[in-house]
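A lone chain, given as structure tokens: the form predicted on its own.
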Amino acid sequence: MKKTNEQAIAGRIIWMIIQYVSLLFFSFVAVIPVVSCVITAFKTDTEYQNTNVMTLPESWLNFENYIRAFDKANMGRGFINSAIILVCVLLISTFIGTQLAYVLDRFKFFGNGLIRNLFLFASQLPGVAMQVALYEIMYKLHFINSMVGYIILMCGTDIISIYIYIQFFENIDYSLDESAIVDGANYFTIFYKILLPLLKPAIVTSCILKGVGTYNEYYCANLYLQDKTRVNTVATSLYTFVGPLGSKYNLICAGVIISLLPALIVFITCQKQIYSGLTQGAVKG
């Protein structure tokens, strides 16, 4: 019996060691690209060409790369454009998505289930496979190199957000709607005055997912916003340093760190609301 207990304790210790080793290994794998990016961002052109990516720079006070990246890549204009796109996309997507989820959940009509299934089917289609037809549509509508066209494209039906809203609505008792109807409220009043404030956790969750995807989006921004001097975004501005004669990765890394700062500031400032929204949204869903 004693030997069995010792074997069980030894097994738990071995399993705990494996867990910690795995955690340290995968943490190292996740952190090493960021560390490499920070090191490279402080290197001069000569240092970058003659050293490997993990060799420390001679000076940690060399901010010339950041200045050059911000200036030559026109990142100031990129931040302004990205901010405009992000605000418009979040407002429009939230406005449309919450109302659509309200209709699909609260009103039972012929084709309700079909619409939900079509949304699920659409979420399984790879976006790249539809780009030929989508590009033709954008071209015919003169939305190439158009901020308005790109915003409309990014505001396209967000399947994940709609399902988050629907699942949240399903956890709100119908008695709220019935009580409001008895008091003389119409459907618009019920939605905007009663139900929409209750959707705050789901809206926060959806905005985080949509906002991160929009801010980091590169493929469509590079494809449809081709004039990089006028309608560039933060994600596409760093393409300036990529060319047939080589890529200046020290400037690209500096630009990457600059582009991370706004998201980092927002996260540190609003982390309480972000964690609260994600947690409540997950529980309600």
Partner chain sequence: MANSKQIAKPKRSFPDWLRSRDGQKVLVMVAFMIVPLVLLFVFTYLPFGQMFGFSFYNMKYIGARKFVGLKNYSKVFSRKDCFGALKLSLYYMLGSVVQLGIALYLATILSFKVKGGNVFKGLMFFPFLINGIAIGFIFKFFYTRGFVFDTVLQWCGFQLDNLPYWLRDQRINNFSLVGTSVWRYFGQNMVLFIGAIMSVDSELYEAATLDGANRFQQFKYIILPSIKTIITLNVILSITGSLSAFEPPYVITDGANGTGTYFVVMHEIAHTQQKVGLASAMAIVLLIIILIVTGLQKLFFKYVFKSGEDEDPRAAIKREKQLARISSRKGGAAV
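Basically, rigid core = biggest C-alpha set you can superpose within 1.5 Å across the two forms. Nothing here was measured: the structure is a model prediction, and the numbers come from that model. Residue numbers count along the first chain shown, from 1.
Quick note: we don't show the form predicted in complex with the partner chain, though the next part is all about it.
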- [ ] Could you check which residue among I166, I172, A83, I96 gets a heavy atom within 4.5 Å of the partner chain in the predicted complex?
- [x] I96
Open item on the list: Please identify the residue among I144, A185, I194, L90 with any heavy atom within 4.5 Å of the partner chain in the predicted complex.
Closed with: A185
TODO: Indicate whether the partner chain has at least one heavy atom within 4.5 Å of a heavy atom of Y219 in the predicted complex.
DONE: yes
Task: I9, heavy atom within 4.5 angstroms of the partner chain in the predicted complex - done: no
Open item on the list: Contact with the partner chain in the predicted complex for Q19, defined as at least one heavy atom pair within 4.5 Å: yes or no?
Closed with: yes
Task: D71 within 4.5 Å of the partner chain in the predicted complex, heavy atoms - done: no
- [ ] Select from 41-60 the residues with a non-hydrogen atom within 4.5 Å of the partner chain in the predicted complex and write them out in sequence order.
- [x] Y48, N52, V53, M54
TODO: Could you tell me whether the Cα atom of L260 shifts by at least 2 Å between this form and the one not shown after core superposition?
DONE: yes
Open item on the list: Superposed on the rigid core, does the Cα of N50 end up 2 angstroms or more away between this form and the one not shown?
Closed with: yes
